[in-house]
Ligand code: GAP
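Take a look at this single chain, the form predicted alone, given in structure tokens.
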């Protein structure tokens, strides 16, 4: 049911308007992509599914949308300035540049030479000047993750919502990393979106909540159409953990290029809030807080029974939107044989993710009565606000069906001459290709059942 190669997905995405190389007419820009007419719908649908699951369907999570430009002091205190770098080597023979930890047998992947420079640190964060004068004295980083802006807003959310532990803050937004070697289509890019939850808990309950969120996130990906057989859990070894992590479980997915991380669920302990809190002596809290002479905030909560202040532990499920799009596309991709040497490509996307929810197709392109009725039906269904509905007025019913199979449209509605006589239309199911006649009056309920099942 999945694509055999990444090239199959790249071809489909370009041909059908899911994803394009950015600035392609100027030769493109490595590691950057644009989402086309169907891609933006799929991406938005995936984000909406995440937001609904994280925020609307829970009573203990608030939302946030924070700035992209980040005060350098934030990333200094978080440890990013010291640790957010990759070891970089150059090949002296072909001048190619590589990450040292990606080399096999210490050889250049381009020419096979072993004549490499010594590894040196390469900062992954993009820096930009702030203000009218670019003299290096006033700068900001493009955020390398959305998490730190959640932590620095912790007190604002607490004060404005009166939340108590446990509770979470969710955010979807852009992040930027100056990757040395972007690769594998939209899997590893320089500008990407994250879906992150920071879930704040009491120390001592963190391991229980970590287990809860690992299971919850696996279940959610299965609800998006990712098969359990395509997922594996990787418990990151202690020596490979990030500087803030007590434990991390990576949800791995079998992408066309191999088994790679789809989402990480980390136990970040009290590292982040502690790092952004002011001096411990002023806090009078029970948890250890790292020295921070620039912050004026008390990022802690008070126990209502003991009146003691403590810095919460944090459980962080963090998923890449782009990797999620790639996974659901790959999982839904299928080429089916139809007999007599014929075949069709179909995207068996979950209906709630499908870019187009229904296509209304007039049987004859130039028949004004059929076309007008098709647009009337389209407008009625679009009014349900369940997603995009369009009229496919190509004049070739077979090609229209194949096109909508390939882009994942759950149902096609054909308006023909019988429709003018008795008010019925032909409903064609994407997955089974079965067809049945339905009254126009029943279409709204049918579409609701299909999309909300």
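Residue numbers count along the first chain shown, from 1. Keep in mind that this is a model prediction, so the values were computed, not measured.
The protein also exists as the form predicted in complex with the ligand; that form is not presented, and the subsequent description refers to it.
The candidate stretches are 139-147, 70-78, 306-314, 158-166, and the one lying within 4.5 Å of the ligand in the predicted bound form by heavy atoms is 139-147. In the predicted bound form, the ligand sits within 4.5 Å of a heavy atom belonging to residue 192. For residue 196, a non-hydrogen atom is located within 4.5 Å of the ligand in the predicted bound form, even though that partner is not displayed. Among heavy atoms of residue 318, some come within 4.5 Å of the ligand in the predicted bound form. The ligand in the predicted bound form comes within 4.5 Å of no heavy atom belonging to residue 273. Note on contacts: among 298, 254, 210, 188, the single residue with a heavy atom within 4.5 Å of the ligand in the predicted bound form is 188. Residue 323 is the only one of 323, 352, 217, 378 with a heavy atom lying within 4.5 Å of the ligand in the predicted bound form. For the partner-free chain shown, 262, 263, 264, 268 of 262-276 come within 4.5 angstroms of the ligand in the predicted bound form, judged by any non-hydrogen atom.
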